[in-house]
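What follows are structure tokens for two forms of the same protein chain, given separately as structure 1 and structure 2.
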Structure 1
Amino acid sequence: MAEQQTPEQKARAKARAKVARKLEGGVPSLRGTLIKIAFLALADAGALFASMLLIAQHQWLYFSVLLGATLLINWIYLRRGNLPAKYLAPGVILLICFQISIVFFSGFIAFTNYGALHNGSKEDAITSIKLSAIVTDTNAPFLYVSPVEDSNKNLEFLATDTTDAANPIIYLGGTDWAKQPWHQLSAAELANIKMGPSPADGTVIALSIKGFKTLTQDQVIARQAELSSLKVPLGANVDKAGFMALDPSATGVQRTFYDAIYDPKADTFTRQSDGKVFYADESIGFFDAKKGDLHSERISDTGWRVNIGLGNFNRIFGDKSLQKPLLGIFSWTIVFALTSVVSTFVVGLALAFLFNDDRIRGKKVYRSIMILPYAFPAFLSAYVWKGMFNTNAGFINTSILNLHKGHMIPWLTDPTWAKFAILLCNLWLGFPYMFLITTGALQAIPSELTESAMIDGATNWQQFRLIKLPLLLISLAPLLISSFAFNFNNFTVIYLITGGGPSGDPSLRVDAGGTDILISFVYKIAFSTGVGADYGLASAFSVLIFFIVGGISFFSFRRTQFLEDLA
């Protein structure tokens, strides 16, 4: 029987299949192999360089990821067969590293409170709170200072307390409590002191001490930055005792202390001035007086990044003050994207039909001129339109429409006119693309179809409406959907022409402008300097936009049966 194979035949078939697998893609040429090895060597050299940097910084996680990726690449290219992986690897690696990771990272940020107030880790926040709460002790006396340098080039403060002018008290100390402690000079040390008038106001102070070199006025100025960051502790525990720091005028020092002291055991901050305790609140990323209470007092507006779950999404859907402007922005985004696609498509379609006629002389010249707006970098066009739309000095009002003072059209300052101006500009930017693709699609319609329709007595209009347009719509539908998706996020046009303005309700914390589409609104949330950037909220919006656009596209593609063609 034919189906039954002897073990020998089976083995032979197996061997043949093995050879065939090996030969998939042909027998490699020597030149090709050499080129391949050269490229691999380059990639490995780069990986080696990067891994040395990572090892030097003890970044074992990143190092092992890099090592794994490098081994994978070598494996893919050195083994035989498995062609798809060889062709896909460069693109897929880039896509994962610099696109998919960005999408996922955005998704991750959407669930955090990352922003200007919650910028980093808890350790960063603790350091920052401590440093920002440095307070000068106004009850402590002001001491005249002469910055001095010891034999090891360490700076120290030689300070004089002149509260009692007759009996000045003199102190000396440096930054290291163990070696150069801050202390009042003993009688023995006082013998080494040279007194004299202070350069600032002539008060008699200690100017120098034996064994130290006093900085000259010029040196003080030159080392200003170093001196003003100098902290001379007043005790072994600098948090409790405080330290001496230079006064901004660089003539004296005064006791300074950290007002906010962190206690790592209790995970709390204590404010020295009033003894109030602030607890680390992991749910909102602040040190506040009452855990879990958003409105309780905080020691500082500096917080750290924490996971807040659906908090950002709750704000988008639940915040009453956001609802109305958000609804307006959303509907304008849809209107803007739809109108842009429809207007550019209608103009492009009409032009394609008009100029798909070989009898027209200079057809090529018209074509070249008409696609200029598409060839011209869009951000430049947007700037130029902005300039031309200027109410008082713009070329459109003053020269084209020739309007007079008082009758100028407020193109960019009135919400309705601004919307109109944006659409007009976007029509200019977009119709050449539609003209190009419709012309291409029109020429692809077989002439037999229109000829037979003509023989059947169809008028031009009937030919257009019943034959050409449906065919065009079928072939162009995917491009029209992509165009909608593009305009939905057409940040350039909105941001550069109106910046989303004119400004909306000023009582809101975020400005929802008259021409803001979702994406420009998100940009304001993420990068506005006024209210403080809120990356978490912006990312939550980004994720929503991604799903909206992706969803609309997916279902439209499905309707056009485009996805079936992919198989």
Structure 2
Amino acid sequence: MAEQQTPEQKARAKARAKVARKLEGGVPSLRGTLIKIAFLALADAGALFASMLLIAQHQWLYFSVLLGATLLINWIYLRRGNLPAKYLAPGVILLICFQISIVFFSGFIAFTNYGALHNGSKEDAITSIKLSAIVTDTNAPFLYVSPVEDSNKNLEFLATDTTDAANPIIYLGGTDWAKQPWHQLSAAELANIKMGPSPADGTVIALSIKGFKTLTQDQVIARQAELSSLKVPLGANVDKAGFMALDPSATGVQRTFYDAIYDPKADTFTRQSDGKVFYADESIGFFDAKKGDLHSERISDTGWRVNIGLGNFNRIFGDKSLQKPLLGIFSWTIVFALTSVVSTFVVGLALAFLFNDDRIRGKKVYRSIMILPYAFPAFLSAYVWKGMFNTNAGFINTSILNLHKGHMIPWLTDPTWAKFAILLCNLWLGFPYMFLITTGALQAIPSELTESAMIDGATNWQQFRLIKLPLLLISLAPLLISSFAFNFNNFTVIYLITGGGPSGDPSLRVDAGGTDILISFVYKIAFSTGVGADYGLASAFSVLIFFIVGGISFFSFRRTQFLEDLA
């Protein structure tokens, strides 16, 4: 016979069954099932559309990831049970898309030369170099042109060389050298030509040829883009022979050629004007005259993305043009972060103690006023402070300090004063946060502790130093560490107040301003308009910042243990 369960065992079994039913999600209603299927259908349709685009671009890795994620989502939501997974899945997907993937992508880019000069593949770079090497042969005659269309709707150039006006030479040809070769018309073909005055200047040229439709002026204007890109080869090898291209005035054509010819077998470009050869350097992603020499001549500043290993990190620690400003920027970043944390904490703590006194009436009103800077958007407050710091018309110089012309403080133009301005603005933006968390922590301290200390004869300073401050630091230390990490990368206040300025040494290849911190310096490297954006170097800096902040935070959290021992 089965052993009879006690009431306690029955109660526990009933509780476990209840929890199991919750985890299974219960029995879904018809309405809920239909809504779930509708959302899954929309998600699958979006995934199918994205998959088609990825397949068309041969992005098989991303296609595989998308396919796996789509199948996993359908399995999670169509399978009964797994209720926690149904709630966690959207958050995990967003975390992977907008956080984890970006971290890994930045880490990958840090080991490449990706930037404004290397933003595509090698094939893209070759195409761009060839396009930029197109040169018009100024020694070749200018030919008047009449665009014509053959029976297959293919455009061709009917061109007239009027160098000898008494004996003009007429040519015809299209884009396909095998079927529409560019050639001088024979005597038999000239019989099918109709001559007439050119619409441009009245010169007598060939206007039409039998068997072809001559484009009207309106048709020429309507098909201007197509005609401008039309290249009629002058030989079987268009790279060497050149081609006829439409003049910007659309009235004639002239021989045009590629000054740089690419040899796919040798993987080189040869410049026709002087015969110089440029080799593909896979170590730097450029075609240069001498491999491995960073200072050798390049055929073009257009390169391609390659993996350069630790090249970006070697530049950070070995490039003298970076070393000079980097030490000052790193020092100022540490000072800025530490000073911001200490100043906001001290002011917030002082105000929290002040408005925690029971003798003050209307504490709620005062506390509400204190958090107003925290309630307003930071970028608006930063712009207001920027106007107040104006040297000649700012409120601080003219009204608060009552200074006169010639004695104005250059808040935003002098590096030292600009640093003070940044710290003052950041104090205004940051102290309400410290005030809020300190007020909450202060109210959580049992009143019995301070009452016992008062009975034992402890002064207010002793109560603060030996009781309240250690207890506050136990709960606030993690928040202070996170505040340091935030200010270490506080891009907003630097960018909006000074933009990292005032400008530093103009002789350097990088724009390192007087108030730049690491993150604003990285921003300038990544989105520079001077020497060109360098995403690879910026990503390498980002990796270093990640390890710096992570290392400081790790050891700081480890050191917070002594606060508990002190308490």
Partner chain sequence: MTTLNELEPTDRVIKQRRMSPLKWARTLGWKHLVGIVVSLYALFPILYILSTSLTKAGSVSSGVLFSDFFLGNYTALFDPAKQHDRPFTRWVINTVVIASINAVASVFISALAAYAFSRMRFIGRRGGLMTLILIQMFPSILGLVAIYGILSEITKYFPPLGLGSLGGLIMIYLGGSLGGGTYLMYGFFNTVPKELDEAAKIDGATHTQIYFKIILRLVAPILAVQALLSFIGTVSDYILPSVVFNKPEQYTLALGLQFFIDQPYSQNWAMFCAGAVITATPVVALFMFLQRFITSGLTGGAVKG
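This one's a predicted model, so the numbers in the text were calculated from it and none came from an experiment. Between two forms, the rigid core is defined as the largest C-alpha subset superposing within 1.5 Å. All residue numbers here refer to structure 1's sequence, counted from 1.
> Identify which of the two structures, 1 or 2, is the form predicted in complex with the partner chain.
The chain shown first - structure 1 - is the form that fits the description.
> Is residue 200 displaced by at least 2 Å at its C-alpha between structure 1 and structure 2 when the rigid core is overlaid?
Yes, the C-alpha position differs by at least 2 Å between structure 1 and structure 2.
> Aligning on the core only, does the CA of residue 463 end up 2 angstroms or more away between structure 1 and structure 2?
Superposed on the core, residue 463 moves its C-alpha less than 2 Å between structure 1 and structure 2.
> Aligned on the rigid core, do the two forms place the Cα of residue 86 2 Å or more apart, comparing between structure 1 and structure 2?
Shift of 2 Å or more: yes.
> Core-aligned, what's the Cα displacement of residue 155 between structure 1 and structure 2 in Å?
Value for residue 155 between structure 1 and structure 2: 4.1 Å of C-alpha shift.
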